[in-house]
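Here's a solo chain for you in structure tokens, the form predicted alone.
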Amino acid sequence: MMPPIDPHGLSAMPAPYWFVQFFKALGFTLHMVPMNLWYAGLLLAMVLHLCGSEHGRRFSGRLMTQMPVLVALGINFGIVPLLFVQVAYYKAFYSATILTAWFWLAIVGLLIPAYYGVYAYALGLRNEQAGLASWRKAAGWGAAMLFILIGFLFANGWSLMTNVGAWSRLWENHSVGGATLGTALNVADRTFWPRWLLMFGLALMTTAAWLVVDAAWFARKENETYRQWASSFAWKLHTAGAIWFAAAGSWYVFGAWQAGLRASMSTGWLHVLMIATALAPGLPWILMALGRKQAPRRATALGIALAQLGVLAVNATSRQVVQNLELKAYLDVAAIREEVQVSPLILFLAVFVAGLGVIGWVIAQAVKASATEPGQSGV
């Protein structure tokens, strides 16, 4: 185990502790919405295009035409949690990413062709009336695989960040003359695999929620049969995601957590948080189950979207708490001294709110462009 760091000897945090924790979790929650759609939704869309029903292929086409915007939103939302990781957790973050340097840098190299692949597929759907060219289909499959690989590398880096006990061993095995090679992977960490798989279950549930939202708010010009199929399929997909989430989550909590961590998370308000994290997927599932036999109404879809956002938020909060507990013996972030810099915080908040406003305007324009056809109800 690495010796603990004296938090008073570290650079002061330019923002209050609560501010860093709140925006790190909020940013990650917002990032997870589009990120989940790349992670599981993109693969699902490719499978449905290959062997899905007529309605499944229709949803596949709709999601893939939306994917370039979703990827852009996910990348930009991801800046927020990454910023606050580097503000408060830089000692752990840089240690982990130096050990895995080539894999961490590879994320950028993988993201660029994945993004191009999404665009190639989406443009083909819009412009090639006779059907997609084979190379565009290959680009879509390639993008789906690359995004899953990117998720693997991200999970590897974040799990190593708190696996402080493995740093010395990984450095010894991946260094020459005392210089690290940057070729380490954290796959021997027993928390890594369930964390990676748990995120896929969350991604399936988010994709299910998006299917309902899309059918209610953006697909009003689709026929009623398609929209009824969307409600039914979304419920089935969410059920599969919830089962996956429960299985991976149980493995993570009961098979991968250290006894001390599990004891800490089983006391007081942390126990309530852990139970809420486990039960949160039940609310969107119930809402989907109630409406699975009819076309989704806008109010219901909004409720499902907010419920799924709550699922992601409570998971982000739990993950933040667990991260702090795992690191506490090495780095107690809460004890780092603060020297609040007001001007940068005001600028950050102004840009953050303005960015959310722009995104809200873009969504409103998308809803307006898919305006209700005459004779159809908008609720």
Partner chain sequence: MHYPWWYVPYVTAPMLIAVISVVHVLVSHYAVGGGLFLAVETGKAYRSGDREYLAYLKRHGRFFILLTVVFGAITGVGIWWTIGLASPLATEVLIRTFVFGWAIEWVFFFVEITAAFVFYYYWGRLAEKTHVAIGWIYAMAAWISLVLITGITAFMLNPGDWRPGDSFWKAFLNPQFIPQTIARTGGALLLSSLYVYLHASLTIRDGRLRDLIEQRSARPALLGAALVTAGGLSWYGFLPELAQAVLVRAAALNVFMGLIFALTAAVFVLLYLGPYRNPGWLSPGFALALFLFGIAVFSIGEFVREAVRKPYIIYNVVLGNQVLPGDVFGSEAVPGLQKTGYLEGGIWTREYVKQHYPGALDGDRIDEKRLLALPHSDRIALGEVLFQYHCNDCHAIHQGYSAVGPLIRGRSPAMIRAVIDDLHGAHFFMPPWAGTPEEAELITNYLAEIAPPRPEGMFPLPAVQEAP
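Residue numbers count along the first chain shown, from 1. Since we're looking at a predicted model, the values are computed, not measured.
If you look for the form predicted together with the partner chain, you will not find it shown, but the lines that follow are about it.
Mark residue 80 yes when one of its heavy atoms lies within 4.5 Å of a heavy atom of the partner chain in the predicted bound form, and no otherwise.
Because a heavy atom of residue 80 falls inside 4.5 Å of the partner chain in the predicted bound form, the answer is yes.
Using a 4.5 angstroms cut-off on non-hydrogen atoms, would residue 258 count as touching the partner chain in the predicted bound form?
Residue-level check for residue 258: no, no contact with the partner chain.
Even though the partner isn't displayed, in the predicted bound form is residue 361 close enough to the partner chain, meaning a heavy atom within 4.5 Å?
Within the cut-off, so yes.
Residue-level contact is defined here as any heavy atom of the residue lying within 4.5 Å of the partner chain in the predicted bound form; does residue 135 satisfy this criterion?
No.
Pick from 266 to 274, 285 to 293, 303 to 311, 116 to 124: which stretch has a heavy atom within 4.5 Å of the partner chain in the predicted bound form?
It is 116 to 124 that comes within 4.5 Å of the partner.
Consider the chain as shown here, without its partner, and state which of 188, 243, 179, 279 has a heavy atom within 4.5 Å of the partner chain in the predicted bound form.
So the residue touching the partner chain in the predicted bound form, by this definition, is 179.
Between 226, 152, 193, 104, only one gets a heavy atom within 4.5 angstroms of the partner chain in the predicted bound form; which residue is that?
The option sitting close enough to the partner is 104.
Does anything in 87 to 112 come within 4.5 Å of the partner chain in the predicted bound form by heavy atoms, and if so which residues, in order?
Stretch hits, in order: 87, 90, 91, 94, 95, 97, 98, 99, 101, 102, 104, 105, 107, 108, 111, 112.
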